[in-house]
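Two separate entries follow, structure 1 and structure 2, each one form of the same protein chain as structure tokens.
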Structure 1
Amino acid sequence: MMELRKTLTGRIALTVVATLILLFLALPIVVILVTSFSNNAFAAFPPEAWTLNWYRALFADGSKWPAALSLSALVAALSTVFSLIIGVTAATALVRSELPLRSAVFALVLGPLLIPQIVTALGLFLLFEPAAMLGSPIAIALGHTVLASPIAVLILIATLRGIDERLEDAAASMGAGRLTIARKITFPLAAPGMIAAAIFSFITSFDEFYISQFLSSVDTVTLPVQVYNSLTFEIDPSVTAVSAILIAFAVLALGLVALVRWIGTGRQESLLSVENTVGVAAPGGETV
């Protein structure tokens, strides 16, 4: 690979290959975006004419999409809260403490990502069905948390490992307790990672289909389940408009994550520069 970069032909070849790969990955997204403005009732591509009717139909009287969107937003918000609680607790224990059997705990946390989602969904169905919780937003949110929390844990582990421990040592050397250090140093610096974890947890829950399908009822249908029903039982071109909106939401979310992490990196660098200038106070009052 390094040899290819040294020659003009190699650089051109790498550029062409990279461009083709990016186009291949972006092509389905482009097709959905373009088709959402088609006037064809069968969502044909390429469009013969352009219209905004399918976007208007999403919020027309009698439309099922607003209720599905509201439920998905509610479930995703609950799942995000649950995932952050689990993520902060687990990541702190794995990174900042001498936890016994750390590797086993880490593998257990990542387990839901390795198990097929339909298996997890079936297990949750068998768990919640005897408790008469099928169709409950709380049950669906708890089910989504099983998949969203490992992602939050991974992000927060990387975030905590990226925080320079000298900042915490400096606070401890000046008499700050663990809670004070966590409240004044660790959590503020980890805030960008926590926001990123929240965003990815929300997206994971919002897009989850299998668990929603197993745990939903006739009256509680999430957006992915409604998309599936519209494609299976009827021909509804509004699905392309919904998909386009979800794509735009995902792009905005990723942009927000990048912005937040960039701001967080600058904050830590500024604190490190202050710490290097002042020095770390030793217990005897000297600086090191």
Structure 2
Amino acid sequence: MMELRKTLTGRIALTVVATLILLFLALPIVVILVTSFSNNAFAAFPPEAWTLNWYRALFADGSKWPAALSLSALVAALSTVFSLIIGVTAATALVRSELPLRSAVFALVLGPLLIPQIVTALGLFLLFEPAAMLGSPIAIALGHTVLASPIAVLILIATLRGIDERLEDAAASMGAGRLTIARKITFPLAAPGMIAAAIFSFITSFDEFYISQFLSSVDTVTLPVQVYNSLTFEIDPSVTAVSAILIAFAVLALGLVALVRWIGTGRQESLLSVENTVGVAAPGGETV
């Protein structure tokens, strides 16, 4: 009885403390969401009155936000394309081939994730400054790809490892050519992973701050750099609205990744069932 009571209080204490820690993680985000609709965008919480002014102010004349948003979107799109090209080829090399110096290549891929971003940013600044490329969206995108491509490679390695090679062997044994196998088996199965890699590359670039700050010029400022500037130099209350939109964006992206994963698992399962495998591998079979 004594023992039972002891563990019960222990359990309640653990639950309370764990809840507090979860609040510690979640509250800053909740507070931003609430404040973005608040009459008083500075500090006061909870708000006294509600407004949409900060959202309207984003698109008012002279607002810097639309330009920053479109630059970030452009840079992130470019960086996503670069990361996918690098990611698909690198993952193929690392998973599906006999690569000399395999572990050295893998260590190189992990490098940018482990080394302080400020050091990478400084190095890229030293590379692009003499080339007079500061402020160029291409330069910023190339820089972001250094951070985004390793993530894409890791996701695609996991994707390729998860694909049952027997499906490819089965198709080959039934006479499907290399291209047919790639088009009808490997690509459809890898597609969810590729979409996930694209989404994560996009977020990585869209949120990237250190490299952007070093490679920006006065006229080309990405969204995170504009947020930072608004928090340090100028007082711009619409930064709460931008922040709320960024939160919504992150949640949406994560939701998409979860959805794509879920669809992907179903697809492999249905392919692994016998009838479908036969259908796929049969010449001219259009079951996929």
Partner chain sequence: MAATLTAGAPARPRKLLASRRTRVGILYALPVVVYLLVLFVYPIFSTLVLSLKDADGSFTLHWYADALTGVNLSVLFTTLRISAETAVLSLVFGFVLAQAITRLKPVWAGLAMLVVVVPHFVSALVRTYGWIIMLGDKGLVNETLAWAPGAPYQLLYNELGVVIGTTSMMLPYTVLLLYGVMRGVDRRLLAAASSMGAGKVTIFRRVYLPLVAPGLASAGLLSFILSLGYYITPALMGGPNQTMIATLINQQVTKENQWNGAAAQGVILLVLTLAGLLLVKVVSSLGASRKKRNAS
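Model, not experiment: these values are computed from the prediction. Residues are numbered by position in structure 1's sequence, first residue being 1. What we label the rigid core is the largest C-alpha set whose atoms superpose within 1.5 Å from one form to the other.
- In this comparison, the chain shown as structure 1 is the form predicted alone.
- For V16, the Cα shift between structures 1 and 2 is 4.9 Å when the rigid core is held fixed in the overlay.
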